[in-house]
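Below, in structure tokens: the form predicted on its own, a single chain.
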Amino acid sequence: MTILTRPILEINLDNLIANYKLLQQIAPKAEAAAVVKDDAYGIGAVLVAQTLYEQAKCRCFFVAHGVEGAKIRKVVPDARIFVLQGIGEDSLEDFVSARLIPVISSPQMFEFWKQHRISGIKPAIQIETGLNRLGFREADLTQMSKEDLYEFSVVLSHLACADEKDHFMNQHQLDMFVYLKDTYFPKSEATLSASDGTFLGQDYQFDIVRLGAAMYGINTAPYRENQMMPVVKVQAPVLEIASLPKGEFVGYSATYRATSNRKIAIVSIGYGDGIPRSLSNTGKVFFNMCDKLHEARILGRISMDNIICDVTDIDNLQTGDMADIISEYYTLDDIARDAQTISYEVLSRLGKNPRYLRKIKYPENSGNF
């Protein structure tokens, strides 16, 4: 007899590659850079970077911190690796050893760069166009010499509302970006769009598009049907099936009480595995029994290690059967909607969790790296 107790995270690298190539087609004149920060949204930065480098010829990557760039350098030996959070004393050694490209986002960071220049590396500069996060304002740019402005190889900014196609901020930021780029960096490469901005059209794509969430299967353009293939699937085993008599309570704080006799399944996954606790009494899982799909509502509070589901109407369910937590019919976007959060957060929390059994579908010609 075989019993599993841990949830399973499946990663489909064929779909990852397909998503990357589709996004290349959507932005055919731009270089398709892969964003692998936060351990590739939890999927595994080394795995994703190596896959895209070897199978899709990706030669440009973005990370958040220098330590992330150093981690992937060995598997992408001649690629450009941009570091979005920039350079500082805590990361200088990584920049030197891994030949990383800092994205400079403030006059103070630029001064640090000038004191610690790395031969052969031309940094990028981030400019502020409306998000009001990191970046040089025009007042900062006017204080820079021509020599300083020529220091940068790439000018970068970030859209605030690209997931809303008709939001006025998109055109506002595009106009500001074009103005600042043409005025101060006329000869530099330009990148404005992440995944969501890529779908806004050629005007927003410039020289480089930064592909993250969409590449991992998330719908970053919710005004249109998701064109991306699912990259992750999550399943968890049923540890026990029990009767729940009418009037009995379920879970911590007794937030659910049965109004009739029910049958429940205790599934081995919880908020300790990254499942949002906000799905308590509102979320659902699915069971695929004999090619028939059954929905099972989550009852009571989600605990650290378990969720409890109503399986009253599911015949032949047994201990050891697998519940589909995230799948093609209950996607990352679906679970994020029900949890009142965003898919990016859900994926990041799931993927980095060491409690999962990881099953990876490698491309046939990869040799499993």
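Residue indices: 1-based, along the sequence shown. These numbers come from a predicted model, not from an experiment.
Absent from the display: the form predicted together with another copy of the chain. The rest refers to it.
- Residues of just one listed stretch (197-205, 147-155, 290-298, 248-256) have heavy atoms within 4.5 Å of another copy of the chain in the model of the complex: 248-256.
- Shown alone here, I308 lies within 4.5 Å of another copy of the chain in the model of the complex, counting heavy atoms only.
- Using a 4.5 angstroms threshold between heavy atoms, Y223 stays clear of another copy of the chain in the model of the complex.
- Contact annotation: M169 falls within 4.5 Å of another copy of the chain in the model of the complex, judged by heavy atom distances.
- Contact check for R349: a heavy atom falls within 4.5 Å of another copy of the chain in the model of the complex.
- For the candidate set I101, L159, V76, A98, a heavy atom within 4.5 Å of another copy of the chain in the model of the complex is found for exactly one residue, namely L159.
- The single contact residue among V178, M229, I266, I121, judged by any heavy atom lying within 4.5 Å of another copy of the chain in the model of the complex, is I266.
- Although another copy of the chain is omitted here, in the model of the complex all of R6, A242 and R355 have a heavy atom within 4.5 Å of it.
- Residues of 72-104 lying near another copy of the chain in the model of the complex, listed in sequence order, are Q85, G86, I87, G88, E89, D90, S91, the criterion being any heavy atom within 4.5 Å.
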